[in-house]
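Next up is one chain by itself, shown in structure tokens, the form predicted alone.
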Amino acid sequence: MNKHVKNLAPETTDLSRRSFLVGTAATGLVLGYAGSGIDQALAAPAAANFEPSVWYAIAPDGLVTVTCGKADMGQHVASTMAQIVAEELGANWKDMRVQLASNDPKFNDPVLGAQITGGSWSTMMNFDAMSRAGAAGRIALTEAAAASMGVPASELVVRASTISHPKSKKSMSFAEVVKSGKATKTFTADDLKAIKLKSPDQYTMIGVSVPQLDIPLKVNGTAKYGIDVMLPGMVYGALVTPPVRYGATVKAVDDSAAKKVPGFIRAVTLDDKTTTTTGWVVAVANTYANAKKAAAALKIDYDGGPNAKLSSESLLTEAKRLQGLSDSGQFFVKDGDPNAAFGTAAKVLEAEYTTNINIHAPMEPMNATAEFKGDILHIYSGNQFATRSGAIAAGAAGIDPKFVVMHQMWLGGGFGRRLDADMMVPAVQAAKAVGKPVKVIYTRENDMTMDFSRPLTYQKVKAGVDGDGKLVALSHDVVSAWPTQRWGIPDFLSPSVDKKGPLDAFTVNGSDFFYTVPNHYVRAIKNEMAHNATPSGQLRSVAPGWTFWAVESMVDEIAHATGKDPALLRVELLDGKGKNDGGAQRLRNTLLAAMGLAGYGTKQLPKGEGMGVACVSSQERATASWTACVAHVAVAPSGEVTVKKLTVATDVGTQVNPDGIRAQVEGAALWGMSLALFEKATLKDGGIEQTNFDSYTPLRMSQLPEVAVNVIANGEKATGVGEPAVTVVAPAIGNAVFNAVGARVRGLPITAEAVKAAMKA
């Protein structure tokens, strides 16, 4: 189970790819922030504003501008933060505005201690802090209004940006209180903790589907994405990337043909001390079109490096070899003694599950604009991890991180891709080389072949049942690259239970499920070959996207082997004993809700059709959103799978914006379906073969099924919704395929060829 980051203090100044961090201070990683030259939109509010918190300011006209410290990539998290503030502040929704935070350390996450957007953490981890910020503002405004009106503050009522005194019928708007200058109360950390927040039955804003504040900005074009940035004197960079994903070096560059391209300025070979990139060259020209022409004209001689002959097959072969070693990996879960239990089990099942390389491919390609103003480096880009990215930009420039100002832009999709900062490296080094602001824009081919992808995984699961068909033992080995270890941030790793050192829990989360199994082992095994050849990142849902594929498929296999209904077996296993108390019951209730909404077990389906179930505790055990899916599929004799309906139930505790949650769950479910049936990237000769959407084929609009969503809001702590539904869909579909035609497919994606082969087996 992960411990969440509060301090990103580096333990080393080594600049290897897996341990790179820049700058140290007594409080941890130095976040670059110079405090000058920042965009007007991100500048400190005028002195006349009332700022009860770093997270928002109230202007003399009564407008409340909330600063969102999270990346907004279409999930409307900025509006969510504003809605939480508005609830406790008592503001009218029409008065709320949002802006995105810079990398000023004051905007660090109140829990994680870092500016990072991922893990479905944003609402869950910031709900309390933003609520207290809103409440503090309400208290300060109320006390100021009481002084102005000459009435007791305890008799005032705050609603819709107005503070009223019912007895005297006096009232003041937020604008009037701010103009008075009497709102000056400040709060210590202890003061904030002592504030009594509203109970769910008192909410008037939380749980209401108010309009998302960012939509008008995106419709009228005033919301600026990284790709929209324009700076005086700016030129453009286009990449030439090597045929090998990682490890290649540039031996020579012939730019004689590029010099004939109008507007060509220079070809810059990256010297990336952060080792985020290897073997890249950026062609700089006066327009992006000319930069692309110049890039195409460059003749580059490469040394392919140590990974030039590797393929998906060699990565899988290595994974199987590592799994077969008794001493490889570290234990993530070590309960009881599965090996002994297997020896006395009435029946033992074994299965291998695989997933392939997957690509993020957000619609807005990777981009960054870099500009040096004296000693200050300005970066304009949409990024999910400002803490780490600012340090990498500084490392690429060879400067102290405190001299980096990051201008956060709206993101045209992220899904984990923009947790990385590779797009900043060529922009920074090109800007330094030519002495001008440089905007670098990836082509779709650059983006796909150089993605920090979801890793290829291999999992071996062994289960033992007793004479009554009860699951008594399960061992689970997970072999993959370790995306989080690649970041080089020790606090993002977790100690292994066998004390063999830290492991990347983001490769095994989900395997520590809420089923009661007395003997349970989980081994996290790092595939060093895959780790080096395919530097991996966090793709929406991270480890639960593959661990629950294995777990939920195996639970179904156990059910069929013991003659039990798969859904009822899950209900039986979710008994809430011991450490599973609380969580198991919520997951069981969610499963029952999905089954009821789908009509599971109540319908006689036509031949070739089936329903399958799965239930998960994503994103992490300690930060779970309880999610279940019933998939209804039809399987043709050719093996082609058509998903007719996905029914998803999710327990989110407290829902902030119901419409936003439903949209997130629907999108996550369809993303999960895309990964389950269609998406696959392959490595050949060290490079990713798929270069565009003609060869990497995600779900198309014509393939969309009906999606039914049941959101369970029970007033418990708010949880995340961006990722959990991704993880539950693939096993539900796989289980439905088996129920439809008896074909068990254990590899993702579930192709027609794989289904047909399994039907014949």
Partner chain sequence: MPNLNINGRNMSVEAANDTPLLWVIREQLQMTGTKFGCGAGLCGACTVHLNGEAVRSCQTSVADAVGKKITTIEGLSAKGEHPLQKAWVAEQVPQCGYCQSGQIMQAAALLSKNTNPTKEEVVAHMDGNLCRCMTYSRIQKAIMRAASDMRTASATGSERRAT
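Residue numbers count along the first chain shown, from 1. Computed from a prediction, not measured in an experiment: that's the story for all the values here.
A second form of this protein, the form predicted together with its partner chain, is not displayed here; the remarks below concern that form.
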(message) Checking a candidate spot here: are L419, V497 and R570 all in contact with its partner chain in the predicted complex (at least one heavy atom each within 4.5 Å)?
(response) no
(request) Report yes if any heavy atom of P698 sits within 4.5 Å of a heavy atom of its partner chain in the predicted complex; otherwise report no. (result) yes
(request) Check whether A223 has any heavy atom within 4.5 Å of a heavy atom of its partner chain in the predicted complex, and answer yes or no. (result) yes
(message) With the partner left out here, check for me: in the predicted complex, does some heavy atom of T443 sit within 4.5 Å of its partner chain?
(response) yes
(message) Residue-level contact is defined here as any heavy atom of the residue lying within 4.5 Å of its partner chain in the predicted complex; does H378 satisfy this criterion?
(response) no
(message) Counting any heavy atom within 4.5 Å as contact, can you tell me which stretch out of 411-419, 337-345, 153-161, 175-183 lines its partner chain in the predicted complex?
(response) 411-419
(message) Exactly one residue in K526, R621, H165, R662 has a non-hydrogen atom within 4.5 Å of its partner chain in the predicted complex; which is it?
(response) R662
(message) Please identify the residue among Q212, T387, T276, T355 with any heavy atom within 4.5 Å of its partner chain in the predicted complex.
(response) Q212
(request) Enumerate the residues of 270-306 that have a non-hydrogen atom within 4.5 Å of its partner chain in the predicted complex, in sequence order, or give none. (result) T287, Y288, A289, K293
